[in-house]
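Below, in structure tokens: the form predicted on its own, a single chain.
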Amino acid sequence: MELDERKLKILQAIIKNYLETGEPVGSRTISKFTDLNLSSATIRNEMSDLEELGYIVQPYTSAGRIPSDKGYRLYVDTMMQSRMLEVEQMWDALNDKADKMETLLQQVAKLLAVNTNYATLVTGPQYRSRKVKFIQLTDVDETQLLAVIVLEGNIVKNKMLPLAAGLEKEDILKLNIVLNTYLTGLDMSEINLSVIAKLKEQSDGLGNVITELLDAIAQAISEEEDIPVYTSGATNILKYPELSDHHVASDLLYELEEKKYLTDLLNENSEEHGIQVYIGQETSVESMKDCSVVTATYEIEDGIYGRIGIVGPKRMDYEKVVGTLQTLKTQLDDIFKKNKE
């Protein structure tokens, strides 16, 4: 059921008031907070409907209402269609740091933490593409062959290959020529049986070595990269009463320090380049069921990207966070584009 304009305005007023105060919101507060010119009785009826629909809840008897996860979700989805706030003060700071990626990303994390008053994470660049750019085979000794695989984005993977029998210099040269002729520009998913058959046909009796090489290349390419993660503002979460409980705060600080599960969360839906919002149970991290996480993707160039995340209470200022990330994402994209030129 879609909400009519009046219910939607009342829901937005409840959420905005709760975001500011952290206290349950009553009908009298809403009558002063909105321009609807409705009586408290009418607002109470509308709030009852919103509660039945699951958009707000009453935490205890005789209390006002607070937003549910469903209410936050509607608020975020509605607001994100048109809201984009500018954060002009970030521009100069980001430009000054653009020459060094690590320094830049650390500064981004700090700026976000200061600007939003929440915990922030920024991942280093990772690579969506796995296309082969160049392969170089070199004999280490009679029993080992070193394969250096260069992927798009100048990612270098090294793999040592054991050999049942030594290879002549001419054989290694031939393998280098064949592999680069047929594999350059291909993603591993594109190396099919037809490509493999051509490689073996052109390798003059070195088919077994080709099979071992392809297995090694596939293994090297699929290995997980150690992506750096820069964090800031972890202790900001202690400022919010609902997150300051000893056990809750301890678990959250641990997750922020360890980064593992949060990195996995940041990389969920990484194909989506827009803003992603995870509210309460929508996150895959159990210790963050009382939090919201807002993420965005910045892109250095085609196939090379990183992720930005902001962690705060469910009553976080979504408008400010989403606007900040929208602006930051655009600015980072512009910086990387200029550096490429």
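All residue numbers refer to positions in the sequence shown, first residue = 1. A quick note: this is a predicted structure, and the numbers were derived from the prediction, not measured.
Quick note: we don't show the form predicted together with the DNA, though the next part is all about it.
Out of the listed residues L53, I304, I275, L38, L38 is the one that sits within 4.5 Å of the DNA in the model of the complex by at least one heavy atom. Only one segment in the set 290-298, 23-31, 276-284, 308-316 has any non-hydrogen atom within 4.5 angstroms of the DNA in the model of the complex, and it is 23-31.
Looking at K70, you'd find every heavy atom of it more than 4.5 angstroms from the DNA in the model of the complex.
Taking the DNA as positioned in the model of the complex, the residues of 54-69 that bring a heavy atom within 4.5 Å of it are, in sequence order, Q58, Y60, T61, S62, A63, G64, R65.
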